[in-house]
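The chain below stands alone, shown as structure tokens; this is the form predicted alone.
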């Protein structure tokens, strides 16, 4: 399991906004910078908590995350608790990976291993479905919580 690393510079992310005719505002820059510096998906409230006071309000974060998701600059994850979490999608990355989440402390590990494409193709053939894909998250108790 290797961590997902966000190596894009803030200037590159701003350029993506400009290419899609989106304004590069101070709140958007701050949000992108937070996402760029964190290895795991964050909720809107976690993003808000990391930002300096007065940088932007929670409603702006919700709107910005929706816009960034529609632009395919962020990937949205749901870890089964009904709360959306967002992670930056780097250049050349399709955003597809899985997570192992501790059910006690919510620690997140990223899992790079995935099912073979042949399995998706077989499922499609057997079921008659088209465009088969998957989302998968694993849950357990991390070593730190096991010792408590």
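For the two forms, the rigid core is made up of the largest set of C-alpha atoms that agree within 1.5 Å on superposition. Numbering follows the first chain given and starts at 1. Not measured: the values here are computed from a predicted model.
Form predicted together with another copy of the chain: not shown, discussed below.
Taking the partner from the other structure, another copy of the chain in the predicted complex has a heavy atom within 4.5 Å of a heavy atom of residue 123. Although the partner is absent here, residue 47 lies well away from another copy of the chain in the predicted complex, with no heavy atom inside 4.5 Å. Although the partner is absent from this view, residue 15 stays clear of another copy of the chain in the predicted complex, with no non-hydrogen atom inside 4.5 angstroms. With a 4.5 Å cutoff on heavy atoms, residue 11 does not count as touching another copy of the chain in the predicted complex; it lies far away.
Residues placing heavy atoms within 4.5 Å of another copy of the chain in the predicted complex fall in a single listed stretch, namely 76-84, out of 63-71, 76-84, 50-58, 33-41. Interface residues of 56-74, taken as those with a heavy atom within 4.5 Å of another copy of the chain in the predicted complex (partner not displayed), are absent. When the rigid core is held fixed, the Cα atom of residue 129 travels 2 angstroms or more between the shown form and the other one.
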